[in-house]
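Given next, in structure tokens, is a single chain: the form predicted on its own.
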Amino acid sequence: MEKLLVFGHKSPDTDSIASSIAMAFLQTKLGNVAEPRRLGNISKETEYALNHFKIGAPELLSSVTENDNIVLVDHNEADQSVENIEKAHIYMVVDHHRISNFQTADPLYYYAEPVGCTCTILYKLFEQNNIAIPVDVAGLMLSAIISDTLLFKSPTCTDLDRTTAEKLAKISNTDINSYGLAMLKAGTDLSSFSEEELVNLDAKVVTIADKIKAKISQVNTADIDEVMTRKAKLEEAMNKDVESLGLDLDLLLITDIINSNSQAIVLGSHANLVEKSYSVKLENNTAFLKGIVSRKKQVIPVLTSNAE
């Protein structure tokens, strides 16, 4: 087989990067030529994990052609993927999100499970193929599970995520709690990012109920009030995206990783959908969402069910 390019979604998080690296390694061990790629800048959280386990960041990929064979990890929606994805041949998908607006011209391998992290699924694929996971890759996969589950506090976390994390921690000789807290805290240092960068650090454009084009972004912090001091400039950046991307809804979740709550900044013609979905009243485009930390489980499906 010709070379496989393996990559996650735009505005990559730790799972997107870790699963790209892990899948590329797995495919190489299976006899294919595979290389990981990324579709955006590395976050500070991911940078911390890469540096800790001494792994280089994947090369940046901006577009693909009809000659490219690709593997998608941690996503399947075209809006979240590489430019010209419709031209490439999709060999495989490994994901833990909803399936939306996805079709291919040819049959493919598709692995999806409702777990908290793509790397949890990848661990099973390593086991099924009887391939040992190197110490550094295991550490990075553990980092992804910690990130996506907010150290097992997220409602997306499953028992399989927990047991897989324990196995990866043993392989990589990592203390889950001490390392996990240090990694998550590293990701909360937002001081060096511009407002434009903040609203795109971890952002996904989705179509809600087949009619509402929404961008849902999330930043993690240990101090919501500190981030909210930048509210005016954050709204300026969001308004630019509303106009340039033609958004009906732009929602920024500022998530407190310590207390597991989020402050929302909401813009767009369908901002009232957030009010309806969470029984809150927006004041100056903001609302406090108690207990809301998961975009995948507590935001997209909730907005979808209330938009129908």
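Note that this is a predicted model, so its numbers are computed, not measured. Residue numbers run from 1 along the displayed sequence.
Omitted here: the form predicted together with a further copy of the same chain. The next part is about that form.
Spell out, yes or no, whether the shortest heavy atom distance between residue 96 and a further copy of the same chain in the predicted complex is within 4.5 Å.
-> Result yes; residue 96 sits at the interface with a further copy of the same chain in the predicted complex.
Flag residue 102 as yes or no: does it have a non-hydrogen atom within 4.5 angstroms of any non-hydrogen atom of a further copy of the same chain in the predicted complex?
-> Residue 102 belongs to the contact set for a further copy of the same chain.
Partner proximity in the predicted complex: residue 135 to a further copy of the same chain, non-hydrogen atom cutoff 4.5 Å | Although a further copy of the same chain is absent here, residue 135 would stay clear of it in the predicted complex, with no heavy atoms inside 4.5 Å.
Examine residue 159 and determine whether its closest non-hydrogen atom to a further copy of the same chain in the predicted complex is within 4.5 angstroms.
-> Flag for residue 159 set to no.
a further copy of the same chain isn't shown here, but in the predicted complex, which of 233-241, 113-121, 195-203, 167-175 has heavy atoms within 4.5 Å of it?
-> Contact criterion met by 113-121 only.
Name the single residue among 163, 191, 229, 128 that comes within 4.5 Å of a further copy of the same chain in the predicted complex, judging by heavy atoms.
-> Exactly one residue meets the criterion: 128.
If you check 108, 224, 151, 212 against a further copy of the same chain in the predicted complex, which one has a heavy atom within 4.5 Å?
-> Flagged contact: 108.
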